[in-house]
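The form predicted on its own is given below as one chain in structure tokens.
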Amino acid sequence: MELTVRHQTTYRYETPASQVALLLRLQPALLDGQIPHQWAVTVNGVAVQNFRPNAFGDGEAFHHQRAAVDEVLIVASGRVETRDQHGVVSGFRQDVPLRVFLRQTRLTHPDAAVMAFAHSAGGEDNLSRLHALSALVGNVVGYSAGSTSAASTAAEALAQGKGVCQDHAHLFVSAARTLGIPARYVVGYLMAQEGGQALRETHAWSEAWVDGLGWIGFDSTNGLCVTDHYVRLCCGLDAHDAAPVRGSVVGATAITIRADVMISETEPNAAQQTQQQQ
């Protein structure tokens, strides 16, 4: 499958910012089941080209805006060829040991309830246990837009029994690490619909390590492993660590943020249409 993506993020400042420094993780990696084509990232129309793989294997670049601005417009767009690998995510240029992904953070730190939840997952081996855990996450934390915030933790989401994809991913990651299984938080794009409406924002899911298979992508929100409908951007220990855009601003006061994602299957060009007809 080939997917066309356009991801636009707009920052507006009530008073002009004298400087803006951005860390961008908006370059989909070349993986065994994912090949980017004609991918471009711009900031206020200026191309960002110095993407380099970080220790997790994700492309990242810095952009420094030194002139005063009252708006920063970030656009990432292009085409990505994807292939369904039955959940297996491979081909990383990763330079960190697996034990790093056993480290809990403030957002994933398990309380007694999360620990009990983790150990309630059945399964004869780690793979079946992770499948059971992913299903449990979706069952105990119902999807409810606006019910949590960016600062909500896995323990809080479990306690209130509702959340969004960020909370599902945090709870899965927290529980997997509790079981001694390396796990990480992933951000990307998903071609799907919720309530008949196309998703217009980035999506979050998880990856866990299974000996003999490698990293497996689990989407607890939708109750499945990742398919060719997913485009993977970046990963981290939690949502803050895996943010596609992070930065600092000098001189601005109130800041408003708006993000919009458009993703669809790429329309065949004239040559492809002729070949298909033949």
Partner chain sequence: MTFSEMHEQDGAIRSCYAEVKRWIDETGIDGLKGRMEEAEAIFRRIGITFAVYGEGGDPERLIPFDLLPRVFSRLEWERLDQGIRQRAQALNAFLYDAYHRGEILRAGLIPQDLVYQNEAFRPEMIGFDPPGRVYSHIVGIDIVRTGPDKFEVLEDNCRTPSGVSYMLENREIMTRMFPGLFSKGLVTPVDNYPALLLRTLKEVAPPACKRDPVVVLLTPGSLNSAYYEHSFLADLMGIELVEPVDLFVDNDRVWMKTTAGPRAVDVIYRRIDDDYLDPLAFRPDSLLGVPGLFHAYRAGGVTLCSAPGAGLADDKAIYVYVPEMIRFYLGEEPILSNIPTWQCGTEAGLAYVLEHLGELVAKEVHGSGGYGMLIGPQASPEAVAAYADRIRANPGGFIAQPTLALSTVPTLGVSTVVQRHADFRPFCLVGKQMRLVAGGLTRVALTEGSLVVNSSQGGGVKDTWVLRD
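Numbering follows the first chain given and starts at 1. The shown structure was predicted, so the numbers you read here are calculated from the model rather than taken from an experiment.
There is another form of this protein, the form predicted together with the partner chain, and it is not shown here; the text below is about that form.
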**Prompt:** So which of Val88, Val164, Leu102, Leu127 reaches within 4.5 angstroms of the partner chain in the predicted bound form, heavy atom to heavy atom?
**Reply:** Leu102
**Item:** Contacting member of Gly33, Pro244, Gly236, Gly247, with respect to the partner chain in the predicted bound form [4.5 Å, heavy atom]
**Value:** Gly247
**Asked** Has each of His109, His119 and Ala150 got a heavy atom lying within 4.5 angstroms of the partner chain in the predicted bound form?
**Response** no
**Prompt:** If we take heavy atoms and a 4.5 Å cut-off, which stretch out of 127-135, 109-117, 77-85, 90-98 is in contact with the partner chain in the predicted bound form?
**Reply:** 90-98
**Asked** Applying a 4.5 Å heavy atom distance criterion, does Thr227 contact the partner chain in the predicted bound form?
**Response** no
**Request:** Determine whether any heavy atom of His240 comes within 4.5 Å of a heavy atom of the partner chain in the predicted bound form, and answer yes or no.
**Result:** yes
**Message:** Given that the partner chain is not shown alongside this chain, does Ala259 nevertheless sit within 4.5 Å of it in the predicted bound form, heavy atom to heavy atom?
**Reply:** no
**Message:** Quick check on Leu23: any heavy atom within 4.5 Å of the partner chain in the predicted bound form?
**Reply:** yes
**in the predicted bound form: members of 50-87 within 4.5 Å of the partner chain, any heavy atom** = Asn50, Arg52, Pro53, Asn54, Ala55, Phe56, Glu60, Ala61, Phe62, His64, Arg66
